[in-house]
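Okay, so here's just one chain, in structure tokens, the form predicted on its own.
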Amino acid sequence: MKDYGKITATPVTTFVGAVISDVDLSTTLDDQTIAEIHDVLMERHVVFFRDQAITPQQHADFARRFGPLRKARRAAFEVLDDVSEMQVLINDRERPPNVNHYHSDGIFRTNPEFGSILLGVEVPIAGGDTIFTSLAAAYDGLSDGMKEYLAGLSAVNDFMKLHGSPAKTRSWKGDNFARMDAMRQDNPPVEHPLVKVHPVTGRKHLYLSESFTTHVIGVDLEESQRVLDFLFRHVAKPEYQCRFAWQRHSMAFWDNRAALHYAVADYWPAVRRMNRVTIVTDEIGTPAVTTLSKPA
């Protein structure tokens, strides 16, 4: 990776992930530092920070530097009352982890969110890692014939594929049923291309999610299932991945357009509590990545 003027960025694997150091997210960062973080994110799809003992408001303020935040809704997750954009993801003895798929946040929306920023508040002594996979590297790894086949194809992405599954039954209990049903009504099934061009980098990448992608449009159901099964296995290859071991006050910031993630559910019944905000649109990005020079 190139040198930066305000940050240090160390790659995690060949294709995805970088650890950013020499940054204190509890402070107000200058524009160049924000731009450099964004530059690394665009190249590596997910960036990580360690030892960031920040408040929920500081977490939201940092995220807002990259674009407007989505107001959180109490349905599948809890919400902090004093920071309306902050979701709280809690798993413990009474609430076992229940998502064992690679997924992209918001792919079930007509306009999916650009970024997610997750902070470890209480993490297990061992386990509970998150795996990230590069959809750009996965696309590059396809044969020319498969790239040609996928060109122009779209697939349906449905909120209810995951949230209507037996694993999510507890989300629909009691008073939360009305909140979940409102989410269902607000997010009917949508179509997205299986291959997209990234709006900032210009790279082609796959765009699908085992949690939410249901079928390919314009082919019979058997062919659709075979294609999706192949792609779900393909994007899960370790060659396209990195794995992040959480510590308290660690943070991950990923680009939902170019990366999938998988929260490894190997820690139950230990407690895993995370705070997350989502960035609706990328207001720093330009049609091509800007190369930031290190000051003389």
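Everything numeric here is computed off the predicted structure, so don't read it as measured data. Residue numbers run from 1 along the displayed sequence.
In what follows, reference is made to the form predicted together with a small molecule, a form of this protein that is not presented.
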**Asked** Are all three of 89, 99 and 130 close to the small molecule in the predicted complex, meaning a heavy atom of each within 4.5 Å?
**Response** yes
**Item:** Contact segment among 233 to 241, 34 to 42, 255 to 263, 62 to 70, judged by heavy atoms lying within 4.5 Å of the small molecule in the predicted complex
**Value:** 255 to 263
**Message:** Under a 4.5 Å heavy atom criterion, is residue 103 part of the interface with the small molecule in the predicted complex?
**Reply:** yes
**4.5 angstroms heavy atom contact with the small molecule in the predicted complex for residue 18** = no
**Asked** Quick one: does residue 23 come within 4.5 Å of the small molecule in the predicted complex, counting heavy atoms only?
**Response** no
**Request:** Give a yes/no on whether residue 279 approaches the small molecule to within 4.5 Å in the predicted complex, heavy atoms considered.
**Result:** no
**Asked** Using a 4.5 Å cut on heavy atoms, which of 118, 180, 136, 83 is close to the small molecule in the predicted complex?
**Response** 118
